[in-house]
Ligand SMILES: Nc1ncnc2c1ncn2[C@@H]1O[C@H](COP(=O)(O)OP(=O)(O)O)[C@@H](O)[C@H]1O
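Before any questions on how it binds or moves, here is one chain, the form predicted alone, in structure tokens.
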Amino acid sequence: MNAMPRLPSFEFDDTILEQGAEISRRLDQLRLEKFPPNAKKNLRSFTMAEVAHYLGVSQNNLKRLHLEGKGPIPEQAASGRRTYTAEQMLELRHFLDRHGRTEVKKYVPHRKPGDKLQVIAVVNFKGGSGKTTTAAHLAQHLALTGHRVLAIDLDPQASLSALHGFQPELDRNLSLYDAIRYDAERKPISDVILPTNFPGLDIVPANLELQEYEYDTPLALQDKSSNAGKQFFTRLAKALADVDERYDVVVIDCPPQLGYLTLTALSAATSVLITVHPQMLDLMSMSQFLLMLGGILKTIKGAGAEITLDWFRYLITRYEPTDIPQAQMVGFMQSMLAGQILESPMLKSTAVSDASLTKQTLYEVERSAFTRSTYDRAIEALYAVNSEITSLIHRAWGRA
């Protein structure tokens, strides 16, 4: 019997470096094709129905304003269909707030004096729970509904950054690491904030350098000449203090691991959102995550950390109501975590996954790109989840 030929030898490190560079080049090529001429993401216009929905007014009210020549002028297609850009939607919001008939100004939901900055940490120990998708859609929903939002990508894999059009290995953007590092090269967080294609939404993108914080912090903890390491959990909160007046809400996409980055984010948070997929293995993983997190938080609280939350909730993600084992798992979780689970789950949808194939969210794609029932089902679930979270934010400010 002839011997099988041996596999050719290769250098693993050289091979993966070459493949990584080629993947990056192809992704950049796709980005240029999708967002010409400068590979920067733009944002579609919104229909009259969508604008009325996000502003909380009737379509008839919008039509009346347009006919009276008030507010921005929408673009009108040959078919008569009117659309507004996101910038115009924001302009309309401020117009309505100035000229609304009600005593209470409700169209621009910015913080009022005495309202503290809301910092939401979106966490999970296990990848694939929908954490980044949740953070992206939440930040964009808040911006579309008139809030001033800062998204922070704390995951060195930079998925949240990619959804907003950034490719870290090519764009060479700074990350939060530059605002919380321990040496003299630390910069103010305002230097690392970038605008997105959504008016009212800025981002601190991620890159691989974020991982350095996980190595630097243990060394800083051992440095007896400085107290910086022992107070590592205060670094993000101190950085955010410099831009406190610029934003209403900060949404942090934490890495899927319980390291110093996650602990620093949780120490700065005013609320925590834990995403969980209703499967037994995911629930087991979350159990371990909660036990580890609780133990570590007690330790850093003993070192002086102040962790005071306005609220925390579990969000069921990628839920299929017709899947009986999933429905049973949700019932099992509700029996243990009643009061902490959001009433609205995020349904599993091909619309969300298909949009992400082109590095977009559901808010960025046209309804016509999908089967209408598929799109409507997904956008309704998304709106229910994000509205429930928005309500929790407003309740923390003492609003109805």
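The first residue of the sequence shown is number 1, and the count goes up from there. If you're wondering where the values come from, they're calculated on a predicted model, not measured in any experiment.
Although it is not shown, the form predicted in complex with the ligand is what the next lines describe.
Interface residue remark: residue 66 is not counted as part of the site for the ligand in the predicted complex, having no heavy atom within 4.5 Å.
Although the partner is absent here, residue 130 sits close enough that one of its heavy atoms falls within 4.5 Å of the ligand in the predicted complex.
Looking at residue 51, you'd find every heavy atom of it more than 4.5 angstroms from the ligand in the predicted complex. Residue contact with the ligand in the predicted complex: residue 348 places a heavy atom within 4.5 Å of it. For the candidate spot formed by 161, 164 and 201, no residue has a non-hydrogen atom within 4.5 angstroms of the ligand in the predicted complex. Shown without its partner, this chain lists 353, 358, 61, 45 as candidates; in the predicted complex, only 353 has a non-hydrogen atom within 4.5 angstroms of the ligand. The contact with the ligand in the predicted complex, taken as any heavy atom within 4.5 Å, belongs to 126 out of 111, 126, 148, 93. Shown alone, this chain has one stretch from 202 to 210, 132 to 140, 291 to 299, 80 to 88 that lies within 4.5 Å of the ligand in the predicted complex by heavy atoms: 132 to 140.
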